[in-house]
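Below you'll find only one chain, the form predicted alone, shown as structure tokens.
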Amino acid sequence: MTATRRAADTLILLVGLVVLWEILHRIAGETAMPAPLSTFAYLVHNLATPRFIANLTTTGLELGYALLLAYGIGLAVGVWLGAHRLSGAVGEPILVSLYSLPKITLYPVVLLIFGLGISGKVAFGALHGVLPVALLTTGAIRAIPPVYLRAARTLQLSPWQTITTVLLPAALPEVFTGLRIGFTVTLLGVLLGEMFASKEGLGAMIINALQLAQGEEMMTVAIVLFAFAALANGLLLFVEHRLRRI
């Protein structure tokens, strides 16, 4: 019953968005906001073209590399700051300050260091994701009951064993929340990198369509990104809820 209700609510939301889209189209005009039906027709026609697939593959590859970096570095930093009190007291305020800084201001520095190729976009995407993963992992590790650590010391576990068998399993639901948020902002960072300094990827397609006033192509890419982000976040949220029930 709950699943049926959720499906119905999702369908109502999607229909409402399409209706709102049609209203905005009638107000703003074809150039600023193309009609839903023509946009969906354009989407179906161009979704399987070599150009779109090549750009989609580029964005997917960059996102994959960026997530590996963001998750790996973020988890390592978060576990260290959460388990080591002095390092956490010094490092957490620095991470919070960096997190509040608009990352786009650092993009010229990223380009100077990593160049205009895939490495620059991957680094910029990872820069967005590593901070929320690290901060939420730090908080999750600190929230672990001290008795767990005392049990690990009693069992004479090594630091690595303590991390893998005690700290991370106990903090896994909160850590997964950081991974879910990190996914969203990493995707945003990769797309911003493609928009400002790239000729490939979905972000570059959006900025090119904007410059050429190709509203249907711009909306097509936006729909694909919305669908991908919604499905990925829904899956991650489902796993997170299952972990909290364990």
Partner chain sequence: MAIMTRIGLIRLVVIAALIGALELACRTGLIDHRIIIAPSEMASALWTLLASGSLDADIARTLGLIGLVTALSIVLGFAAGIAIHALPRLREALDPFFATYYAVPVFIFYPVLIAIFGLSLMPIVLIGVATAIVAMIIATLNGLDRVPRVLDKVARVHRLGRIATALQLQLPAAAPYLFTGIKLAVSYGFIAVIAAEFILSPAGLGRDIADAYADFNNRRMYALILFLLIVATLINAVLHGLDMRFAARRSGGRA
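Positions refer to the first chain, counted from 1. Just so you know, these numbers come straight off a predicted model, no measurement behind them.
Unshown form predicted in complex with its partner chain; subsequent notes refer to it.
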Within 4.5 Å, heavy atoms only, which of I207, L43, L56, L67 is in contact with its partner chain in the predicted bound form? I207
Only one of L157, L172, I104, L149 gets a heavy atom within 4.5 Å of its partner chain in the predicted bound form. Which one? I104
Please tell me whether the candidate spot formed by A123, L235 and V239 is one where all three residues come within 4.5 Å of its partner chain in the predicted bound form (heavy atoms). no
Test of understanding: in the predicted bound form, would L191 fall inside 4.5 Å of its partner chain by heavy atoms? yes
With the partner left out here, check for me: in the predicted bound form, does some heavy atom of P93 sit within 4.5 Å of its partner chain? yes
In the predicted bound form, does L111 have a heavy atom within 4.5 Å of its partner chain? yes
Taking any heavy atom pair closer than or equal to 4.5 Å as contact, tell me whether S38 reaches its partner chain in the predicted bound form. no
Report the stretch among 70-78, 139-147, 112-120, 160-168 that approaches its partner chain in the predicted bound form to within 4.5 Å, counting heavy atoms only. 112-120
Quick one: name the residues from 65-91 with any non-hydrogen atom within 4.5 angstroms of its partner chain in the predicted bound form. L86, A89, V90
